[in-house]
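Single chain ahead, written as structure tokens, the form predicted alone.
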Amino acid sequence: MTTYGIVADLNRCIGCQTCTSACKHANATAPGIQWRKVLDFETGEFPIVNRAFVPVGCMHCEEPSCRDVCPTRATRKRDDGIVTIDYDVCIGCAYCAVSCPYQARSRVDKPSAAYGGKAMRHEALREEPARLGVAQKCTLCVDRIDEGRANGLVPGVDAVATPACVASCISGALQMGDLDDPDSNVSQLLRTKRHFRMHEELGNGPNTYYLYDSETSDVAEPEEVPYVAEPVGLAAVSPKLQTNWDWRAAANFTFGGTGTGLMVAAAATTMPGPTLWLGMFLALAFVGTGLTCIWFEIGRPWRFLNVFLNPRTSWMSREAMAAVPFFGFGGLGWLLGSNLLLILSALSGLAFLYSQARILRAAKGIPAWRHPAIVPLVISTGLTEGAGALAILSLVIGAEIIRFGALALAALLLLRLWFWTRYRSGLAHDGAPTGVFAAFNAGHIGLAAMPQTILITIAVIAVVIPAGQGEALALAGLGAMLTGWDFKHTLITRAAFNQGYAINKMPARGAGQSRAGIKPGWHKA
């Protein structure tokens, strides 16, 4: 077996950015896109200050989360460990980008010039239209590797068969080779130097290793990288708000949850008449609106059928597959007035809603999404919104589901509040970017205890007080919907900070010793 990887010696790297320039020259990446870049970490206070330059890029992981979430199978892993992207299959959904904990992926939707206006001659000559609207990242210069091997050269040893960043490194800080070969240059370095892998706790198994010390050091290994909630001067390496999914993605989760929840609520009542069938129609319209919004967000929308290609590992593919029977059974049930088809559509809706929750859970690059408590929270939110929508609809139509609807809505509101509390306490306990807590606190999210208690009280009043029961239930239902929408919009657009970067150990500069690393921009209770 062959597994190619990169070893970066932090004691050698001088932060010259030659690898970054060589990568841009070799791969003609768009302005602002860097497949290989060098981070600058600094810790301590004068006069005891430690500084490290850390090269980063695609880590070509053992278990790449980008590959697993990709709904089109555009992201693949070769037998030699190199992770690639098929630009002709990718739909540009950017699910891989939010699932990568190393911020190694990007999407460019239209051509751009380095100096604005008309592209220079070399930019026009090297423009690659196939990269527009799709995911892109470091390929480990796979073309150089393949051509070199075809000519009997050894990647990592012969420069022309070695990635441009490694071949250009002026300090010898970057080395590339076969990690499975015990005699390779990288294997020998890993045997003789202490090293770490960034964000290894997430389970991706990155094939980029960082050397920081020799084996003679007696410095104790830290059990956990220290969090620094307010990292002065480290904004470049701290978590940043993701920009791949915007309000259109939030709309998919918002309307998808409400629509499937409404279909389930309608099926639960099994009440004939205009309320039931109008509710079915509105449920289909909600989910359809959400999917339409996400269609407008993807970079290559006319390839949308490719989303069905990876149901084995991608929850986005599973969401799409659940949508088919949801609309099929729901549409026929609405036209034919069939309770059986309504129930089948509701069951498909539950699968759709569960898939949406797991889509967020699988996004390893966004700490606020990947927390396990997000799954029951998203599901309970969708069901609560659906019950709220049915309560409003009942008032408009004049149907009598007051007592049952009020009890169900109060119970769902209480359940959602409990899951929200678990989610918040889980984030505080496990740690998350400081921006996540700031987003949830600054917006005064409607899922907090006070507004939810008010809504629960109104729903209970609708049960026990005859006067104005319909109006009270509809008011609680409206509040249930709006607070759920506010939460999901905040979760996707304002609390979605990426993983950021961390360094487990500051390198041993010169004759010095290595010191504790840093995880900037994170907070833990």
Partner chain sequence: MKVDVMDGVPVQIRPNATAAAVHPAHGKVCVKAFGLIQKTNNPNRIKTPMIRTNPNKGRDEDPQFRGATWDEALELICGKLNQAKAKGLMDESGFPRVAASFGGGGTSTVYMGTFPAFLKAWGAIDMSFGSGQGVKCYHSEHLYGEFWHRAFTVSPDTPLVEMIISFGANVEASGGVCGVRRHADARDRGAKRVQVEPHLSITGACSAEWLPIRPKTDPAFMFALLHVLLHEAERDRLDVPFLKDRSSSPYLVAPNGFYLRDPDSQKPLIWDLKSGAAVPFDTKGTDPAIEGDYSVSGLEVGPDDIEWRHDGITCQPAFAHLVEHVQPYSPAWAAEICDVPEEMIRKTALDYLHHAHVGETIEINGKEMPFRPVAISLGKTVSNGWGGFECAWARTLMAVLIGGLEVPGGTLGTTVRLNRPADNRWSSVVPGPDGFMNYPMNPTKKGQFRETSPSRHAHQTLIPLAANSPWSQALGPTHLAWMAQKEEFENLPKPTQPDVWFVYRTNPVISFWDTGAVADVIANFPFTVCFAYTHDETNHMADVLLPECTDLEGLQLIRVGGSKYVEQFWEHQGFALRDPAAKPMGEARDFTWIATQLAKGTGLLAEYNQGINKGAAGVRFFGEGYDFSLDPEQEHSVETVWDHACKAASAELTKGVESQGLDYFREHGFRTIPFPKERWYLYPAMVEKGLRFELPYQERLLRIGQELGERLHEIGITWWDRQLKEYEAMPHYQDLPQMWKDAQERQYDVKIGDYPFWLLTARSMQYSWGGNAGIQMIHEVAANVAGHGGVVMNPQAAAKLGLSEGDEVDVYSPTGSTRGAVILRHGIRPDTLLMIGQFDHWKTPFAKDLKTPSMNSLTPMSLELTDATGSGADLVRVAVRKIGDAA
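Positions refer to the first chain, counted from 1. Keep in mind the model is a prediction, meaning the values are calculated, not measured.
One more form of this protein, predicted in complex with its partner chain, exists but is not displayed; see below.
His122 is the sole member of Arg191, Arg312, His122, His429 with a non-hydrogen atom within 4.5 Å of its partner chain in the predicted complex. Among Ser171, Thr139, Ser187, Gln103, the residue placing a heavy atom within 4.5 Å of its partner chain in the predicted complex is Ser171.
Remark: all three candidate residues (Cys16, Thr20 and Val166) come within 4.5 Å of its partner chain in the predicted complex, counting heavy atoms only. Interface residue remark: Gln34 is counted as part of the site for its partner chain in the predicted complex, having a heavy atom within 4.5 Å.
Although the partner is absent from this view, Glu42 contacts its partner chain in the predicted complex, with a non-hydrogen atom inside 4.5 angstroms. At a distance threshold of 4.5 angstroms between non-hydrogen atoms, Ile465 is out of contact with its partner chain in the predicted complex.
When contacts are judged by a 4.5 Å heavy atom cut-off, Lys505 does not count as touching its partner chain in the predicted complex. Looking at 317 to 325, 361 to 369, 233 to 241, 417 to 425, the stretch with residues near its partner chain in the predicted complex, meaning non-hydrogen atoms within 4.5 angstroms, turns out to be 233 to 241. Scanning 46 to 76 for heavy atoms within 4.5 Å of its partner chain in the predicted complex gives Phe46, Pro47, Val49, Asn50, Arg51, Phe53 in sequence order.
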